[in-house]
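We begin with a single chain expressed as structure tokens, specifically the form predicted alone.
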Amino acid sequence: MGPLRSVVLAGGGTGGHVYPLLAFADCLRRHDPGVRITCLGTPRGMENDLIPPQGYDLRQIPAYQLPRSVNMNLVRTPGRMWTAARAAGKVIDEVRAEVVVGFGGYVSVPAYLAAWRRELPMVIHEVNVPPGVANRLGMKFTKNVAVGFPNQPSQAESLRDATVVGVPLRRAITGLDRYALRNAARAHFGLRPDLPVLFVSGGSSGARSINLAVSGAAKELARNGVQVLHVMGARNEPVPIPTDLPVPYVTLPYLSEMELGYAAADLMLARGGAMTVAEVAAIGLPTIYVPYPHSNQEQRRNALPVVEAGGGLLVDDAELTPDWLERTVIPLIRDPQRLYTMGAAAASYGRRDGDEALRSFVLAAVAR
């Protein structure tokens, strides 16, 4: 078949849905600058802050929170669901879309329903186990399901027949040479070039338990020559950091250019969100994962295969204390050979071609 002329991408609410959507949109445009890309979002999702600045058309449609169980009554009953699907359908018809690609989030459901009613090809991309409610519903209507990680088909029955394509990542990540950029990245943050750096981030919202543990270990880390680059999270109250440290401890509320943090780091301390796992594995950054405890444990499932491959460590949120960090981080970050081995193991699990692989999958689905 020829090149795609018009594609509708649906995904919103959180960065875990929006960032892979944007990376995939960039991939489509690299291959064909003339392709029409239309993104669906909701009035309140992160997509409003992230998608328009990248130059993509964002259309807002109503979307509603779904109950946790997925069955056909869910789509037969609520009139508002069909109202949202009609709004999505109007966009699909207007742009003459040839395929709908969904990345999850409530906005995906109206897009899936509208595509189904039009017998339009649809593709679902899922990065979590178990799959999110929106994508589970979409799987009722299509067999074109792609996943981000090789462990997913064996961990969820609903993903048994899914195709592993990887996670679409920004070119700033997939093209990153950490070692080549290291000194420049450290200079950017005011860090010394000659001492190891622990990069700490609890995600876009931050993680107070991580912030408290690291700040509590700040003096001992600094005494052992460990610099810290600490992204606190925009929604968190700042945690006080000792001011008389002998080496830099840099705090930021938020970091949009995560690639600079990765380049500056020798070791990372992070949650286990799917995008974080995909990015640090792709670039081979050794990471200590502290999965979010108040959930269905999907972050633990995200991180565990990387850890089992030798690319990181896993610690429960309740066990993350200043003492644990001092005992674990200091000997690890001062052992370059161990860090190199862990980084290589992470890179062997991760992949940098998720955007290209998903594009090939979508083209095959449309051709069918």
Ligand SMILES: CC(=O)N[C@H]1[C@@H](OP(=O)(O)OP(=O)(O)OC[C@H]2O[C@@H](n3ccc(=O)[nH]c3=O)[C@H](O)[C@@H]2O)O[C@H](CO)[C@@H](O)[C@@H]1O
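Sequential numbering from 1, following the sequence displayed. Because the structure is predicted, anything quoted here is derived from the model rather than measured.
Note that the form predicted together with the named molecule isn't included here; everything after this is about it.
**Student:** Please name which of the stretches 21-29, 340-348, 354-362, 7-15 has residues with heavy atoms lying within 4.5 Å of the named molecule in the predicted bound form.
**Tutor:** Stretch with heavy atoms near the partner: 7-15.
**Student:** Does residue 189 make contact with the named molecule in the predicted bound form, using a 4.5 Å heavy atom cut-off?
**Tutor:** Because no heavy atom of residue 189 falls inside 4.5 Å of the named molecule in the predicted bound form, the answer is no.
**Student:** Answer for residue 231 alone: is it within 4.5 Å of the named molecule in the predicted bound form, judged on heavy atom distances?
**Tutor:** Residue 231: contacts the named molecule in the predicted bound form.
**Student:** Taking any heavy atom pair closer than or equal to 4.5 Å as contact, tell me whether residue 113 reaches the named molecule in the predicted bound form.
**Tutor:** No - in the predicted bound form, heavy atoms of residue 113 and the named molecule never come within 4.5 Å of each other.
**Student:** Though only this chain appears here, would residue 172 touch the named molecule in the predicted bound form if you measure heavy atom gaps against 4.5 Å?
**Tutor:** Residue-level check for residue 172: no, no contact with the named molecule.
**Student:** Out of 159, 285, 107, 127, which one falls within 4.5 Å of the named molecule in the predicted bound form, going by heavy atoms?
**Tutor:** Looking at 159, 285, 107, 127 one by one, just 127 meets the 4.5 Å heavy-atom criterion.
**Student:** Ok, 255, 250, 245, 95: which has a heavy atom sitting within 4.5 Å of the named molecule in the predicted bound form?
**Tutor:** It is 255 that has a heavy atom within 4.5 Å of the partner.
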